[in-house]
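Next come structure tokens for two forms of one protein chain, structure 1 first, structure 2 second.
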Structure 1
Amino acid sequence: MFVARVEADRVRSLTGVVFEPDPGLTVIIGPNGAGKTNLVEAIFFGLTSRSFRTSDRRDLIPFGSAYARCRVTVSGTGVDHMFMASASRSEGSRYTMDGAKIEQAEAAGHRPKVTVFSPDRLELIKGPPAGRRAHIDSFVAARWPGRAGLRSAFGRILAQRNALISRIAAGQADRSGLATWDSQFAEAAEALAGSREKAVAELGERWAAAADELGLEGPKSLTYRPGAATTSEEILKGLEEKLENDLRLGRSSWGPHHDEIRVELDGRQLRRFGSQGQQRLGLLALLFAERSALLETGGGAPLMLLDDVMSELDAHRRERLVERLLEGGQAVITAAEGELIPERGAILRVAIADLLEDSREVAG
């Protein structure tokens, strides 16, 4: 699957912009502030109904407008599908496929997985563990679609157990109801932890290899650190042992919601001891590791949206990055200057100024 057409209307600075990326590699060129990042964000928004820059979709609506909307046409599965995402100040958000409302979980089966590199996403490396857990769970869903619901299933059970723990602590319920939720918790936790462990094992060597290619020097590792035991029997035993502590806290203190995905360089956590340049390379390597795993195991390659990826890479690393991108799959990257992109005949180069000019001509 690949994105064939993007129609961005009132998405930040973009009004009436129509963009048709190449099924392979497309480079959007233009100075900082010209709207390149807004276009990349619009693609992500149209496909997922979310933004990678803000948690509030209304931030996409430009001043003086009532809405932001993006349509994205996906091809390559025998039948084209049009996804539409919109945000309105008065009516909230909408997300449709071929004109009918659709949930994100269902939509994921009809569109490419999307991975994003941008300065805003460095939190994935240097931020708290929750972001890395969510990211690995997203990879699990793409790698093994049958496991796509594990994260949400565990989340629902965790919420129910926490609510009961809170009522028991407040004297509003007794402990008799815990056995059922503990059993469900242990079963769901084992499935989720096992999937994360398998995913990280599959990505570890690929991440190290990609990081080496991109110039992240030194011994490196990507490892799964469970926040609890990983078998249902041991998890259930731990829940029983930690019950009094849970009652004091008012929540469950044992389980995969405390897992960590450790990204290490020279035996130290990249999130704490790495420079921003090293963290950028670590993030980029992780995205390439996931892409490599999906390509090598017969899965669909993700659409890679790489914003401002070339600015801190030397010529050799830029060459390696482009070579990797041309191995397969679709990618859209931005660059302030065309000279930053190695010459290859297979690359579509698009000036952001031309896209904006075309939109003004149509409007006029």
Structure 2
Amino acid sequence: MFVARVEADRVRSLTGVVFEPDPGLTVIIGPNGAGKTNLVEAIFFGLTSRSFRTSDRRDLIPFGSAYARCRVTVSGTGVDHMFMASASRSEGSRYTMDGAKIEQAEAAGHRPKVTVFSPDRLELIKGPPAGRRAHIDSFVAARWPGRAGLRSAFGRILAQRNALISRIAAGQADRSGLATWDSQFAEAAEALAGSREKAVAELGERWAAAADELGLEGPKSLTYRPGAATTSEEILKGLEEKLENDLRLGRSSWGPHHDEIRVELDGRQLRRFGSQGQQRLGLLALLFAERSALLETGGGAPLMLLDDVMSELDAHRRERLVERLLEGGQAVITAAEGELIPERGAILRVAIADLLEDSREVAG
């Protein structure tokens, strides 16, 4: 599955921009502020009806316009599908496939999974563990689609147990009801923790290899640090031991909602002690590790959208990055200057200025 055509009807600074990426690697070249990131965002928006830069889709509406809209055609499975996402101030948002309204879960089966690198996503490495848990869970869902519901199932049980704990603490309920929720909790926690453990085990070495290649020097590791035990018997035991503490806190203090996916360089946490450049490489390596895991297990490579990825890499690393991207799957990357991209015949080079020029002709 690949993106064959993007029509950014109106997205931020883009009006009537039509873009046909290569099924392999496409580079969008142009100076800062020309609209490269907006084009990458438009692809993501058209495919998923979401943005990786904002949680409010209305931010995509151009100044002076009533709506934002993007269409993306997905090819490669014999039948082409056209996805359309729009956001409007007065009518909310719409997401359709071939003209009919579609839900996220259903759409996911008909479009490629999308992986984004952009400076806004550094939070994944720098930020608190919750972001990394969510990210690993989305990898779990891509790698083993049957496990896609584990995260939300655990979340619902956790919310119920927390509600019960705080009601017991307030004297509104008695402790007899806990056993049921504890056993549900333990079962869901075991399934979730087991999947995360397996996912990180698949990614660990691939991450280290990708990071080496990209120039993140020094001994390094990506490891799963469970916030609780990983078997349901032990989790159940832990819940009992920590009950008094939980009642005092008014919530569940132990479980996979305290898991950490730890990224270390030279024995120290990258999130705290890494430089901005090292964190960028750490994030990029993680995205590549996931891609190679999906490629090797026949899951289909994700579409990689890499915004402004070349600027901090030296010539040799840029070469390696491009070679990796040419190994399979579709990728769209942006660069300020064409010289930053190594010469390879298979690369489609597109100047953002030309895309904007064409759009003016169409509009005119």
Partner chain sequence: MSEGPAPLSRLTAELSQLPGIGRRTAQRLAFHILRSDESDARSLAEAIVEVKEKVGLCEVCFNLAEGPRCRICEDPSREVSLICVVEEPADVIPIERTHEYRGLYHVLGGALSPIDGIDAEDLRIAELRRRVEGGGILEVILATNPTTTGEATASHIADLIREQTQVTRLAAGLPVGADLEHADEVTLGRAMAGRSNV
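Throughout, rigid core stands for the largest set of C-alpha atoms superposing within 1.5 Å between the two forms. Bear in mind the structure is a predicted one, so any value in this text is a computation, not a measurement. Numbers given to residues start at 1 and step along the sequence of structure 1.
For the form predicted together with its partner chain, the corresponding chain is the one labelled structure 2. Residue 251 shows a C-alpha shift of 2 Å or greater between structure 1 and structure 2 [criterion: core-superposed Cα displacement of 2 Å]. Shown in the overlay between structure 1 and structure 2, fitted on the rigid core, is a CA shift at residue 157 of 2 Å or greater.
Superposition on the rigid core between structure 1 and structure 2 places the CA atom of residue 83 less than 2 Å from its counterpart.
Core-aligned Cα shift between structure 1 and structure 2 at residue 180: this is 3.8 Å. Look at residue 167: with the core superposed, its C-alpha moves 4.5 Å between structure 1 and structure 2.
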